[in-house]
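One chain is shown next in structure tokens, namely the form predicted on its own.
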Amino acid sequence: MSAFLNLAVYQKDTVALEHIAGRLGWDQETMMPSGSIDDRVEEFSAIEKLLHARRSSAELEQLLAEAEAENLDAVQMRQTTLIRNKFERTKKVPQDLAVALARLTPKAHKIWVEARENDDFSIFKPVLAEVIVHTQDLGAALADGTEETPYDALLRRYEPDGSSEKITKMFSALRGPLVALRAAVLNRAQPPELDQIFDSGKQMQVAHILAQSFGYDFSRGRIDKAVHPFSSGSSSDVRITTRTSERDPMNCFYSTIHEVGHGAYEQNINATYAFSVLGKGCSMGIHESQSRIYENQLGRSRGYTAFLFRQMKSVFGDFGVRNEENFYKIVNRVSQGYIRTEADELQYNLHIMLRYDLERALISGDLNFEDLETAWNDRFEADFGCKVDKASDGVLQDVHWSEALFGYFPTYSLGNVYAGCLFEKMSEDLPNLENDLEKGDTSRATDWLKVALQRHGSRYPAEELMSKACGKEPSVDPLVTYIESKFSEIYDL
């Protein structure tokens, strides 16, 4: 057996353990009894010890050195590079710190849920303080010996080639056009909101129809409910979640489509990459590009909303909307709201900018966690023109900080930028796509994404993958053009 194959066999077991850890996380948020948290903490702790040891072992270092000395092809070289990068970063992190975070975050998540339900940030503050301190230590360890800031080192967990310099530049290019367009749109008359009760069971019925229409493979996946929707898994076991609100079925429907984008990406990766370092999305920005293009450019299009309108009438009967065109405008309604996951395409990135600035300040120590709720509320009022009414609409609305996912938020906006680039190229390659979407047929679009991007997994770095898919380097321009064109037409600007 070659040295590279020896390395691949070792890595396969590591990836299998990562899958098990992911399944435990899925179970905690969907099925686990609330009284089982102490057992889950021990389970996460045990797996993290194993994973940390495997990712930083002398055996792995020897396997890497032997494989790197061989005459490798391009795919094998990419794998050894990714394994080497993970090895070098893991070595910097003390095992005790990695295990402490693995023990802390399940508890923090449970406390966050309780605090959110009670609209009381004080319940969450003590454990959040622990999470922040541990994450600061993690960032400092990862940045050691480099010119990176601790925040950049944390960001690179999700965007391996990213940096706060690139992210800040992206937000600078987005903010001006988005703020100007929002001001114009909010001065126009708004479509009415939906105003009736939508049965949760029927919402889930529609959610399954939507998932199937986007090609989600239920023989290798499932939909469950969670407080905060997410996707979990890869290869032949990819699970998604959604949530329901009887007053807001769009929350369920578009959360479902969003998570299907994540799930379809994982399901469509080249099967030969399964249980290897290539068998998952190459970055969270790329991952979010799939969820966002499914949800927005495809799912909120005039064509697809016509399909959704007919499905809702079939399941709910008359729900107070006159026709498909009115429904399209309701789905794309721009309004001042608190919740990021419910935000329209025009304002969504402004929500991310708020979180990005606050979490950078938390990690650097420029913002004390004691002042976080006040800082959030002040920034939200300045950016969105209204006061936060309750903690669950403000600092407690997102799950990320309870799970120490600092550095994750900006990848949502990066995903939006990538989605804009992909949709521009897709629209050139697939004429008359709206006609397909009106029938609920997304196959040309999803097949295009599979071939152009999804099948490659982590074969290429993110920006190289985008350049290959789009024929040019990514930029914010296609996203800005798309948003300005769409909302100017809807609001007759």
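Residue numbers run from 1 along the displayed sequence. None of these values were measured; they are calculated from a predicted model.
If you look for the form predicted in complex with a further copy of the same chain, you will not find it shown, but the lines that follow are about it.
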Although a further copy of the same chain is absent from this view, report whether Ser36 comes within 4.5 Å of it in the model of the complex, heavy atoms only.
-> yes
Applying a 4.5 Å heavy atom distance criterion, does Asp441 contact a further copy of the same chain in the model of the complex?
-> no
Heavy atom to heavy atom, is Ser236 within 4.5 Å of a further copy of the same chain in the model of the complex?
-> yes
Is Trp448 close enough to a further copy of the same chain in the model of the complex to count, meaning some heavy atom within 4.5 Å?
-> no
Among 38 to 46, 430 to 438, 453 to 461, 60 to 68, the region lying within 4.5 Å of a further copy of the same chain in the model of the complex by heavy atom distance = 38 to 46
Which residue, Gly162, Gly281, Gly221, Gly394, has a heavy atom that falls within 4.5 Å of a further copy of the same chain in the model of the complex?
-> Gly221
Arg23, Asp27 and Leu50: each with a heavy atom within 4.5 Å of a further copy of the same chain in the model of the complex?
-> yes
Even though the chain is shown alone, can you say which residues of 263 to 291 have a heavy atom within 4.5 Å of a further copy of the same chain in the model of the complex?
-> Phe275
